[in-house]
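One chain is shown next in C-alpha cells, namely the form predicted alone.
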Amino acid sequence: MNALTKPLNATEARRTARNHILTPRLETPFHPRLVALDEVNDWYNWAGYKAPHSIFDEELEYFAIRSTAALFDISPMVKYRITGYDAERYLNRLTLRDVRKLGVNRVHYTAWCDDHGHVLDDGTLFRLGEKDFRLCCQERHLPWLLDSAFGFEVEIFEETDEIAGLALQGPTSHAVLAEAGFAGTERLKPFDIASFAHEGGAVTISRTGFTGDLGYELFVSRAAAVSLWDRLWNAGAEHGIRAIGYSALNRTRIEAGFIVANADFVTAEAALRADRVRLPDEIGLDWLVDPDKPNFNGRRAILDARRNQTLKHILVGLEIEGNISAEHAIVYHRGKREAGLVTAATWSPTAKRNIAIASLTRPYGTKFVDDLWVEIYAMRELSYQKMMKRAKIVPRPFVKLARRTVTPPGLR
C-alpha cells in the first residue's frame, strides 16, 4: 500500500477534519469592496469562494438591475483557457453547438454531455482568437476536459483564480461604461467581445449577462481588479450603480427563463440516481444541438432519443395564481397525480406575475398541458398552510426587454 492510499490514523483524521473546518472560503479580488458595502452579512459558498446572497436589500438590489445599473462579482465562475492548433476541433467535439460558426471576438451559449447524452454542464464559450478560447461554467471539469483532449493538440488550464470578473447589468450599464472612458462599447452587439485599455493592461468586455437585460461582463487580471471596480463605481455614481448579491440576480434570471446547473437540473457528474440525469431536450436545450456538425459527445444518444421518442422529461415555464412563490413545490395534474417539481420560482415585479420553471415527467407538459396545480406551503403565524394553486404552462422568457439587444444602447 503506497502513501497515496494509506488510511489516516485517528489523530491524523481529527487534525484533517479540524483543518478543513478552519479553512476559510476563498475571497475574490473584489471582496474588500463588497465587505465595505455589506450591511447584512449574508454570504454563501460559490465554487469555494465567499459570495454574497445580498449586499443591503434584495428587493432594492433587484430594482437596481431593472431600473439603473448593478455590479455583481462573477469571479468565482469557473473559467478554463483552451488554446492550441486543435482548439476549435476539440471544442467542436466537446460541445453541442458548431464552434466553427463562432467568430473571433464572439461568445455563444452552449452545453456539453457525456457519451450517454446526459448534460454535464452549460456555459459560455468566448472565442478570443483563432486558436484561443475561454470556457465559463458553473461546475469544475478539468479532469474530464483533459481526458477528452486525448489525441488533440491543445493546452487546457483553469484560470478562475487569475482572472477576475464583474457583471455590469441594467438599463444604465452602458452609460456607466461610457462615463468610465471605455469608448467604443456602444458598438458592441449582443455576444460581441472587445478589449479596452486599463491600468497599463487590458480588460475584456463582452455584451453578455444572466439577467435578460442590457448588460456586460468584464474580465481582468487579478492585480487590476480593484482598480477596475473603482473605475466603474466612480463612473456609476450619477447613474444609480449598486452592488448586488445572487438573490436579486437569481430573480432576474428566472424572469429571463435561464437555467442553473444543479438547481434546475442535476449535472451528470453530480447525479447519484440514474433517473436524475437529463438529456439536452429534457431541459430546454434542444436548440443548442447541431446534428449537422461532425461527431460530438452524446450525439448518438441524443438523436436516438428523439427518433425513438424516449424522452422522459420536459422543462416548462409556469404562471401560477396568487403571489406566493412556489419554489420546490410539487406539480400535480388535476390536483391528484404527481406531474413534476418546480425548480425555481419567484414573484416577478416586472411581469407582475407569479412565475416558475418546472421539470415535468412526460407526457405531462406535452400531451397533458391543462389542469395543472402546485402545492405550496406558506408560513402563517408560525404554522404552515397548505395551498393548492392553479398553474398554466407559458412560454419563456417571462420578461423580454427590447433594450437588451438595441445597438447602440441607450444612456438612461
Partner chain sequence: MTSSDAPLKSSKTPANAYDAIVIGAGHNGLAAAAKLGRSGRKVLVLEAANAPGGATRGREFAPGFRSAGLAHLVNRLDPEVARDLGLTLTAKPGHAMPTAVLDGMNEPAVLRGAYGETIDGVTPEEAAAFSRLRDKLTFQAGILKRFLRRPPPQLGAIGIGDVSTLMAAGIGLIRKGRAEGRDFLRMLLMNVADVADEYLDDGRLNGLLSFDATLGIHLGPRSPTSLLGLYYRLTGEVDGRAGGQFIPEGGMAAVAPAFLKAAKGAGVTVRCGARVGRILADRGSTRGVVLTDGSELTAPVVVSAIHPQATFLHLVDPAETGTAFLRAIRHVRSAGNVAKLDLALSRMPNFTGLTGRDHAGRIVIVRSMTHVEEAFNPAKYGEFSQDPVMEIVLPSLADATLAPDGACTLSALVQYAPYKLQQGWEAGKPAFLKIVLDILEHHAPGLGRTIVAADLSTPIDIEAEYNLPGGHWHHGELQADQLLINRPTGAASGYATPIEGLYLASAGAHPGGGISGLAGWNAARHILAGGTR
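Positions refer to the first chain, counted from 1. Everything numeric here is computed off the predicted structure, so don't read it as measured data.
The form predicted in complex with its partner chain exists for this protein as well; it is not shown, and the discussion that follows is about that form.
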| query | finding |
| --- | --- |
| Sole residue of Ser148, Thr208, Gln138, Ser325 within 4.5 Å of its partner chain in the predicted bound form, by heavy atom | Ser148 |
| Arg97, Arg299, Arg81, Arg231 - the one with a heavy atom within 4.5 Å of its partner chain in the predicted bound form | Arg299 |
| 4.5 Å heavy atom contact, Lys131 to its partner chain in the predicted bound form | no |
| Interface membership of Glu155, its partner chain in the predicted bound form, 4.5 Å heavy atom rule | no |
| Contact label in the predicted bound form: Arg276 to its partner chain, heavy atom within 4.5 Å | no |
| Its partner chain contact at Gln309 in the predicted bound form, heavy atom, 4.5 Å | no |
| Interface segment, criterion being heavy atoms within 4.5 Å of its partner chain in the predicted bound form, picked from 285-293, 246-254, 171-179, 209-217 | 285-293 |
| Partner contacts in the predicted bound form for 121-146 (non-hydrogen atom within 4.5 angstroms of its partner chain) | Trp144 |
